[in-house]
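Shown next are two forms of a single protein chain, provided one at a time as structure tokens under the names structure 1 and structure 2.
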Structure 1
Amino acid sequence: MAAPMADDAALAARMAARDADALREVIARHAAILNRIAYRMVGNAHEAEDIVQEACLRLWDHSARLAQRHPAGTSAGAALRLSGWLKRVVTNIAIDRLRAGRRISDEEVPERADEAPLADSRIEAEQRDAGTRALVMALPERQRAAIVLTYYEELSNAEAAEAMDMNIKAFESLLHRARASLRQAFAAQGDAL
């Protein structure tokens, strides 16, 4: 694990020196997961691309500060994780856009293949998924982000906490509240049926 992190410090130093190839390398490594996070948060493929582009531009703009704080070849350099930094920035940009009045979606990411074998089972699954999406959409933004990062992107609690710029205990508490809210909503939905 130390080699990729040390590599991140070297990439930050190269970007600080305005090496565009370093930025291309970072984008090639992380764009797919960043796009999935953004898409699941805002529900629009074009907006998700804009969010990822904005996060990459912020990385380019902040690369000198990152390189200065985390010099390559030092223990501080080994502590730099560009993946965590970028996930946090994408999550924050998505939350900011949601707060500006946009809605979350849990629709499938466009490049994902349809895996449902039969039409009737697909219809049932779509109805169940639509109900789940509606319940997730009803959560407050930060609880929504915790659910998306943990269950849809399958990040560990530590990675999700880092993406949300929280300590692990605060994130676990947020995730606990989000799960409790979803359980309560599912129970109420079951009573309504």
Structure 2
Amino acid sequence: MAAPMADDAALAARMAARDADALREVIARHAAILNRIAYRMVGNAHEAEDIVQEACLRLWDHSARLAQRHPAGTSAGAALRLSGWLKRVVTNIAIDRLRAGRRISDEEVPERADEAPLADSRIEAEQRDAGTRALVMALPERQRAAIVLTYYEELSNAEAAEAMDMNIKAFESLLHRARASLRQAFAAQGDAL
């Protein structure tokens, strides 16, 4: 888990002043984790990148309001966590897109076998990856987000609940159901194999 940035309020203030370098710094710090969350939510690299870009642009748009509410050098400014804000935005955008059914189609299956060396091992790896992705994708959107945030990104339940705009009890219940669903799907997948 990344440590909270101490100068998030200052970054917000710079972005509010339309400092492009500040946005570049934010992207450098947070884009990777945001991309992982988005990708594991939607299962598509292009759409994941699109979601991360949308989240960064929303931060750019709302930086003035964030800077106003969290002035740098104050206790409110010290409480500002851009990472948490961005994770929440990415999660919500991903859930919205999944619900709206606007996902770009899954990666296409190759029409013909690759004749290159080590093709068998690559196909095996792709099949394993596809199996894992199918496990996660089989979960409902919110359960999927709970697994992504807590298992893959190792957020605490409280942080994950905040990212999903939920109270902690409701999130724990959701996470419990998500794990149970995942285990059932995994068991079913094993039986199928």
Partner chain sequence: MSGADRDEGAPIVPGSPLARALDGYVVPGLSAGFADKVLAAAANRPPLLPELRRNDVTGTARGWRLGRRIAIGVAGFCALASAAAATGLLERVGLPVPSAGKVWASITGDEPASAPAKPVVAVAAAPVDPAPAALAPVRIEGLIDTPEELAEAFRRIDEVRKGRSELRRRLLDERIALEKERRAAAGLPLPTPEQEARIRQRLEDARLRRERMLNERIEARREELRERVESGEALTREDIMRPIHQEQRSLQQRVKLERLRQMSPEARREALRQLPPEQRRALKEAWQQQRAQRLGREAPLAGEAPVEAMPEARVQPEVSPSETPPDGPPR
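All of these numbers come straight from a predicted model, not from anything done at the bench. When a residue number appears, read it as a position in the sequence of structure 1, where counting begins at 1. Note that the rigid core is defined as the largest set of C-alphas that superpose within 1.5 Å between two forms.
The form predicted in complex with its partner chain is structure 2, not structure 1. Fitting the two forms on the rigid core leaves the C-alpha of Ala138 displaced by at least 2 angstroms between structures 1 and 2. When the rigid core is held fixed, the Cα atom of Asn167 travels 2 angstroms or more between structures 1 and 2. With a cut-off of 2 Å and the rigid core superposed, Ala16 has a Cα displacement that falls short of the cut-off between structures 1 and 2. In the core-aligned comparison between structures 1 and 2, the Cα atom of Arg177 sits 3.1 Å away from its counterpart.
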